[in-house]
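In what follows, one protein chain appears twice in different forms, each by itself as structure tokens: structure 1 and structure 2.
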Structure 1
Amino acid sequence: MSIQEQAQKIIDEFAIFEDWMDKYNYLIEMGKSLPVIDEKYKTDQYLISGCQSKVWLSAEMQDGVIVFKADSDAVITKGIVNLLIRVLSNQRPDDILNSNLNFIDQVGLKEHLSPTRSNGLVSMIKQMKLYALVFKTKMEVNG
């Protein structure tokens, strides 16, 4: 599934919620259901520090796509991390670099990507794109 298709799927999922509480309950569920990252990645090396919540992110190249794994100490942050992983993981570096993440706005969670929240999500997206750039460069160098 392409990034756009994944994003649309999430928008459709959220469309059924009539009030914020249902939406957040769903987000909390997703936060809880995100596979917990391997403990070996929960180190400072993989830490993306927000001032409010922490995010750990790892990335691996497998058969031309990047597989992201992530975790957070706050469950709502983790729910949004889950959304970002669903959309951007298992995608080609070029597609990740060219992606826009408007779906977060469309499902009404834009406030969590505001820099004043400092929950680690903005830095996480930057870091995901940075990984994509690094893997893309590596692929080009190695031909």
Structure 2
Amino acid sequence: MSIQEQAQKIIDEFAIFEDWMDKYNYLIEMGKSLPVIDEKYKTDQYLISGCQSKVWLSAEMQDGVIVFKADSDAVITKGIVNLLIRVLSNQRPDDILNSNLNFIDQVGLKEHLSPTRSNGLVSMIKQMKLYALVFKTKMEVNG
């Protein structure tokens, strides 16, 4: 499934809820359903700077696509990173680098997050795109 198709699924899921408390609750549920990350990734090396909460993100290349895994010490943040993983994991580096993640605005996430959480969201996206750039560069070098 493409990035846009994954993003559209999330837009459709959020459209079910009319008020933001329901959307927050859904985000919390998304956080609870985030697959558990291996403890070896819960180190400073995998910590995303710029997030109010602790967020660990790992990425590995598998069969030409990047697989992201993450965890956080805050359940809402776990939900946010789970949304990003659903959209960006199992995608090619070029597709991640060229992705327009406007689904975040379409579901109203940015406008309903605190400024610090909003900054954290931007930091998560930057880190995921940085991983994509690194893997793309490695692929070109190893060609």
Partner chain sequence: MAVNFDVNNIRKDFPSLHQSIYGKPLVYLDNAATSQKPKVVIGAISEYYSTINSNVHRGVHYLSQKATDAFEDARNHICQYLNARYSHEIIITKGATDAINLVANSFGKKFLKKGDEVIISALEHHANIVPWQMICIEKQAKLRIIPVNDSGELRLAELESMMNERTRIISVTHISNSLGVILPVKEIIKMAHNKGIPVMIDGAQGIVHKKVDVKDLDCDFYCFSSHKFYGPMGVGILYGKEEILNEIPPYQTGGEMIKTVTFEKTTFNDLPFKFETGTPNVADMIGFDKALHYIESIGMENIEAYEKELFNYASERLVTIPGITVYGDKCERIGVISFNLKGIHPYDAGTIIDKLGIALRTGNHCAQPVMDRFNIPGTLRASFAFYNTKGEADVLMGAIHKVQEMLG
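What we label the rigid core is the largest C-alpha set whose atoms superpose within 1.5 Å from one form to the other. Each residue is numbered by where it sits in the sequence of structure 1, with counting from 1. Source: prediction; values computed, not measured.
The form predicted on its own appears here as structure 2.
A displacement of less than 2 angstroms separates the C-alpha positions of residue 10 between structure 1 and structure 2, with the rigid core held in common. Relative to the superposed core, residue 132 undergoes a C-alpha shift smaller than 2 Å between structure 1 and structure 2.
Shown is the Cα shift of residue 120 between structure 1 and structure 2 after rigid core superposition, which amounts to 3.0 Å.
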